[in-house]
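The chain below stands alone and is given as C-alpha cells, in the form predicted on its own.
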C-alpha cells in the first residue's frame, strides 16, 4: 500500500509499504477513504519528538470502511463505514470505565518511556511516535485498528466524509476545550490560536452558550474564518492582546481562556528570544508564550483550558498570577470516544457542518507538498484533507 512516511525533520515521503495485518483478535483493518494533516503532526514534522524512527507512518485523523475483522470483534461488520478516534482505548481499564478514554492504561506498549518523564502514560495514539505506542498512522491506504470493538464508530450513510472526518480528533478536541471552560450564560471566552482546533473551539463555545468569543491570531485567513464563526478577532501583530482584552471586557478579563496553540507558540521580542535560546540548549522543550499570556489575561476565578499540545518542560510560567487569581486549569488529550455520538447528532441536526474548515483537498501522493503549505500557511491553507 501507499503511506506517508517520516524520514527526519521537514521530510516526509509517500512510499510503498507492507499492508497491515490482523495481529490480535480485537483488531480490524480499515480501508481509508479520507485522512487529514493535523497541527500535531507538525510537531513530528518539525522534529520535536525524539522517538520517531525512519519510515514511521504518520497520521491520526482518518476514516474509511472495514475490510477485515479479528475473531473477537462481534459488534462491527465488514463493509461498515467508520471513523477512527486518534486515541486508542481498551474500553475496560480503570480510566476507560470512567469515560477518560485518552488515559487508557492498556493501549500504550511503550508506557515505560512516558513514565520516566511524566510519571504515568496516556493512551496509545495512532501515528504519533514510539512514545505513544509506535502505532502506524492513517495517512495511508489501509490501517490496523487495535481494540476495534471499542474504537471504531459506525457513522450515518447520509453524512459525507468531509462532515464526519474531524470527529476523529479536532472537532471533539475543540468541543472538549470549550466544555472544560465551564461556560455560563453571558460568558466571554478568549481563544488563542485560530488554527483547526481553535476554529472548532470557537464554534463549540457558542454551542455551549458563550455570549462572546474573542479569537487571537495573526494569519488573515484564519482570522476571517474565526469571524465567520461569530468571533471578534485580535491580530496580535497589530494589538497588545492583554490590554485589548481588558478594554473589551470592562477591565475584568475574559471569563475563560483557551490555549489552542501549544508547544510551538511564536513569541516576540525578548520573550520569544528567551524561549528559542532555552530550547536550543535543551533547557526548555516547549515554547509557552500563549500559556503565559492566557494565565495573565484570564479574569479572577476564571478557567484556563489547554487543548494545545505540550510534550515536555516549559519555563517562566506565571504561577503567582495563577495561584493568587484563583484560576482553574483543565487540559488533556481528548476523550474522543465520549463525544462521537453527541457530536454526530449535532451534525445531523444541522447545528454545525465541520467541512467549513477544509481549504485544500489533495491526493495522498501530494502529502509532502501538503505538509509544506500547511506548515508555512501558504496558499491560504487552514486544513488539508488527503484522499488515498
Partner chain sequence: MEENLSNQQNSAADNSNQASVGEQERLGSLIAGGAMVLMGLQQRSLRGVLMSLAGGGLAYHGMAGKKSWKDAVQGKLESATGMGQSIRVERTVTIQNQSPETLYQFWRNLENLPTVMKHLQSVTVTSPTRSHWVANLPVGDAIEWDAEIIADQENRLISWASVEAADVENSGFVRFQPSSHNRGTEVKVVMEYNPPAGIVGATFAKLFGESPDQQIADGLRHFKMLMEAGEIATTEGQPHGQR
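Note that the coordinates shown come from a computational prediction; the quantities given were computed from them, not determined experimentally. Positions refer to the first chain, counted from 1.
What comes next is about the form predicted in complex with the partner chain, which is not displayed.
**Student:** Given a 4.5 Å cut-off on heavy atoms, tell me which of 326-334, 48-56, 348-356, 30-38 is the interface stretch with the partner chain in the model of the complex.
**Tutor:** That would be 48-56.
**Student:** Is it true that 211, 299 and 318, all three, sit within 4.5 Å of the partner chain in the model of the complex, judged by heavy atoms?
**Tutor:** Checking in the model of the complex: none of 211, 299 and 318 is within 4.5 Å of the partner chain.
**Student:** Within 4.5 Å, heavy atoms only, which of 175, 101, 147, 192 is in contact with the partner chain in the model of the complex?
**Tutor:** Contact with the partner chain in the model of the complex is made by 147 alone.
**Student:** 220, 109, 156, 312: which sits within 4.5 Å of the partner chain in the model of the complex by any heavy atom?
**Tutor:** Answer to the contact question: 109.
**Student:** Mark residue 338 yes when one of its heavy atoms lies within 4.5 Å of a heavy atom of the partner chain in the model of the complex, and no otherwise.
**Tutor:** Looking in the model of the complex, residue contacts with the partner chain do not include residue 338, since no heavy atom lies within 4.5 Å.
**Student:** Though only this chain appears here, would residue 373 touch the partner chain in the model of the complex if you measure heavy atom gaps against 4.5 Å?
**Tutor:** Contact check for residue 373: no, nothing within 4.5 Å of the partner chain in the model of the complex.
**Student:** Test of understanding: in the model of the complex, would residue 387 fall inside 4.5 Å of the partner chain by heavy atoms?
**Tutor:** Because no heavy atom of residue 387 falls inside 4.5 Å of the partner chain in the model of the complex, the answer is no.
**Student:** If you check in the model of the complex, is residue 134 within 4.5 Å of the partner chain, heavy atoms only?
**Tutor:** Contact with the partner chain, yes.
**Student:** Could you pull out the residues of 2-40 that have any heavy atom within 4.5 Å of the partner chain in the model of the complex?
**Tutor:** Contacting residues: 5, 7, 15, 17, 18, 19, 20, 21, 23, 24, 25, 26, 27.
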